[in-house]
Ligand code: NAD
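Read the single chain below, which is given as structure tokens and is the form predicted on its own.
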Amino acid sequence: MKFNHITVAGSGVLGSQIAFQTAYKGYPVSVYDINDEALEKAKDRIREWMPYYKEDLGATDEQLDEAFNRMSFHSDLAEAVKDADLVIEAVPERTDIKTDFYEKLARVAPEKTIFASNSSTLLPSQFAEVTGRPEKYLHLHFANEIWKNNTAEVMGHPGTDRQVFNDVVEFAKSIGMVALPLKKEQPGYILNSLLVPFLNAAQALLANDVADAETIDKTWMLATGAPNGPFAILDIVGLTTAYNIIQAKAQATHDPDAQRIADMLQNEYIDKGKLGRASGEGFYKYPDPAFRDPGFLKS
């Protein structure tokens, strides 16, 4: 199937990135969110990322303006998906929210439309039936800073049509991604199966008062040569997303350590408006976080 029009549902940090990257690669893109306030915030985020496209990809102002002009923004779901060949869902990482969204989407999307979720930790089989088109449903997971961290993990469920799977792999390539097809369902795909335990371990060190965030990041960066430590990564991901993931684990497993991390994120950061880089402050303050200081890794 040839994709001519893409809808991205959910205009948060990663949803906005997916939408703009897709438009940058030439596709008309409809962006959906629940109200105009959320959509205006998405436009502001996209404008903030444009300089990174110039710095990292050599994009011109003309190319960036053309990409932005290929996007339309909608708070009416039926209007947002009326022409969609593919809907990429990037709504909050909660089963109840995603289930409610798919029930609504199934009622208004054209029969031709393929549904793909950018869920970080949930499985396609959890939502396949509620979509009303299980054979046209799968997951398509991107990494933050999509324009340079250009991974696209494609994961179906046992009922996903093989041609649909292959078409989404080709779509991912067409928007500049390295497509990474998975052979079977795996919570967290490949990336988050590696990344989430790493981030959880760092948060546990902080929650248990072993060391502060800067010292933990500094340790990782010095020892491995990594450009970012775990708390810099969490600021990119967004602390609300990190909270949703660890709180879901705490509820599912009754793990007191996971609950301690969730409570720390809620009480010390989220309740104080420290949501990560997008809000100007998380574990670090932006736009000039301490880990970018030339002396950060020096004795």
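The numbering used is simple: start at 1 and walk along the sequence shown. In this text, all values refer to a predicted model and were calculated from it rather than measured experimentally.
Omitted from view is the form predicted in complex with ligand NAD, to which the following refers.
Within 4.5 Å of any heavy atom of ligand NAD in the predicted complex lies no heavy atom of Leu205. Ligand NAD is not drawn, but in the predicted complex it has a heavy atom within 4.5 Å of Ala90. The closest heavy atom approach of Arg133 to ligand NAD in the predicted complex falls outside 4.5 Å. Remark: Thr22 does not count among the residues lining ligand NAD in the predicted complex, judged by a heavy atom distance of 4.5 Å or less. Residues His5, Thr7 and Ala78 are none of them found to lie within 4.5 Å of ligand NAD in the predicted complex, as judged by heavy atom distances. With the partner omitted here, the residue from Asn200, Thr113, Thr160, Asn118 that has a non-hydrogen atom within 4.5 angstroms of ligand NAD in the predicted complex is Asn118.
Taking a 4.5 Å heavy atom cutoff to ligand NAD in the predicted complex, the contact residue among Ser125, Asn166, Asn144, Gln186 is Asn144. Only one of 92-100, 125-133, 211-219, 167-175 places residue heavy atoms within 4.5 angstroms of ligand NAD in the predicted complex, namely 92-100. For the partner-free chain shown, Gly10, Ser11, Gly12, Val13, Leu14, Gly15 of 3-29 come within 4.5 angstroms of ligand NAD in the predicted complex, judged by any non-hydrogen atom.
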